[in-house]
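Just the one chain here, laid out as structure tokens, in the form predicted on its own.
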Amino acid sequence: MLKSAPQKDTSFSAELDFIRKLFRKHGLKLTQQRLEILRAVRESGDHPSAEEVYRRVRPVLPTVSLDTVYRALMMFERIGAISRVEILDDRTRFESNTDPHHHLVCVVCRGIEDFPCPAADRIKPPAAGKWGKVLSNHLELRGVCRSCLAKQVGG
């Protein structure tokens, strides 16, 4: 798995060698389109939808299709380069942070913020035979963000 999303002072190019090895390990070609789509997610700092990624790569790749973006994002998720975030019956969103973490979700603006919670990471799922197989452990807290609260109080 890739490390957490790079901080603002870390460039995507610093991860390029690792990304090349990841693609090679999975027998995939790292095309310019795939690279730009992955870059758009990894440098975003937010949790963009496929449509948002498409809008971000269009200036660099004017001939890219939304279908190509969708297929690339699904492939990146499959190999562990990004994670899928599904919240609030909204569009699927994607993020580059594949380390264990959780989400604060604003029910007003639909903003998503990552937060670590070691206590939640330690929750032990039920034994596999009793329920089935747990594939991931994710805590999602829903509420109203500061910005939306300020608008509600001020408005």
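So that there is no doubt, residue numbering starts at 1 and follows the sequence shown. Everything numeric here is computed off the predicted structure, so don't read it as measured data.
Here the subject shifts to the form predicted together with the DNA, a form of this protein not shown in this document.
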In the predicted complex, the one of Val107, Leu104, Cys117, Leu28 near the DNA [non-hydrogen atom within 4.5 angstroms]: Leu28
The DNA in the predicted complex reached by all of Asn97, Lys133 and His138, non-hydrogen atom within 4.5 Å: no
Heavy atom of Gln33 within 4.5 Å of the DNA in the predicted complex: yes
Distance check, Thr92 to the DNA in the predicted complex, heavy atom within 4.5 Å: yes
Any non-hydrogen atom of Val64 within 4.5 angstroms of the DNA in the predicted complex: yes
4.5 Å heavy atom contact, Met74 to the DNA in the predicted complex: yes
